[in-house]
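Before any questions on how it binds or moves, here is one chain, the form predicted on its own, in structure tokens.
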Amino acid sequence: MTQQPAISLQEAIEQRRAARSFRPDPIPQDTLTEILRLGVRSPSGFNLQPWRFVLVREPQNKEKLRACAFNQPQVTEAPVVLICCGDRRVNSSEYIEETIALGKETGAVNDKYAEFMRGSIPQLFENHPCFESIEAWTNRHTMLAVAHIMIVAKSFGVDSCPMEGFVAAQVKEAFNIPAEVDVCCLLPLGYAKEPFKLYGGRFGLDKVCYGESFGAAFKL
């Protein structure tokens, strides 16, 4: 039986907080699987899905990861920590063909579009008109998936804490992460100790949304 969320999408978005401390309670395997399954339904350019996740659950490995993360306790407290990575090798011809084959299996890619992908994807990464580096592109898409995972997790009652406080080179060495793969963030998952940090608020739409051009007044 498919796991069902405990709360609605709106409630999950509004209730999600970055948990700074976790209880030791394990996440049920079915719940964790469903969080990851739904999380990687995230969109990506050309469906290249550059995200890669290392699940760290063994105590000795969490200790090793904590040493790379300025000794932050949530790394060892949480039952699961994801090392969230972006793989720059998605621009290889072999990977492009794998993506095309996947699309053909689902009926989403026909021969005409496959040829378009073969021509357009290498050009995208060669010319990179909307990003400075391949790492910027893979990080962008990986963090979309991370956001999906956090919201899905909260809908199942599982808390999270996106972390930038780590030394990437140390994480890569400690967990055998290839040179072409970049660590975007760490994501502890589990059940938060109460109380949560208070909601910090969000700026109003009139401050962050503009109408038609940057800086112009936004009206609905």
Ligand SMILES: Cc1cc2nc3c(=O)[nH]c(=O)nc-3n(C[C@H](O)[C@H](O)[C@H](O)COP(=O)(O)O)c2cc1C
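Keep in mind it's a predicted model, so treat the numbers as computed, not measured. The first residue of the sequence shown is number 1, and the count goes up from there.
From this point on, the text means the form predicted in complex with the named molecule, which you will not see here.
Within 4.5 Å of some heavy atom of the named molecule in the predicted bound form lies at least one heavy atom of residue 164. Although the partner is absent here, residue 72 sits close enough that one of its heavy atoms falls within 4.5 Å of the named molecule in the predicted bound form. Interface residue remark: residue 23 is not counted as part of the site for the named molecule in the predicted bound form, having no heavy atom within 4.5 Å. Within 4.5 Å of some heavy atom of the named molecule in the predicted bound form lies at least one heavy atom of residue 18. Heavy atoms within 4.5 Å of the named molecule in the predicted bound form belong, among the stretches 164-172, 151-159, 41-49, 54-62, to residues of 164-172. A heavy atom within 4.5 Å of the named molecule in the predicted bound form is found for exactly one of 80, 96, 143, 109: 143.
Residues 197, 202 are the members of 186-219 with a non-hydrogen atom no more than 4.5 angstroms from the named molecule in the predicted bound form.
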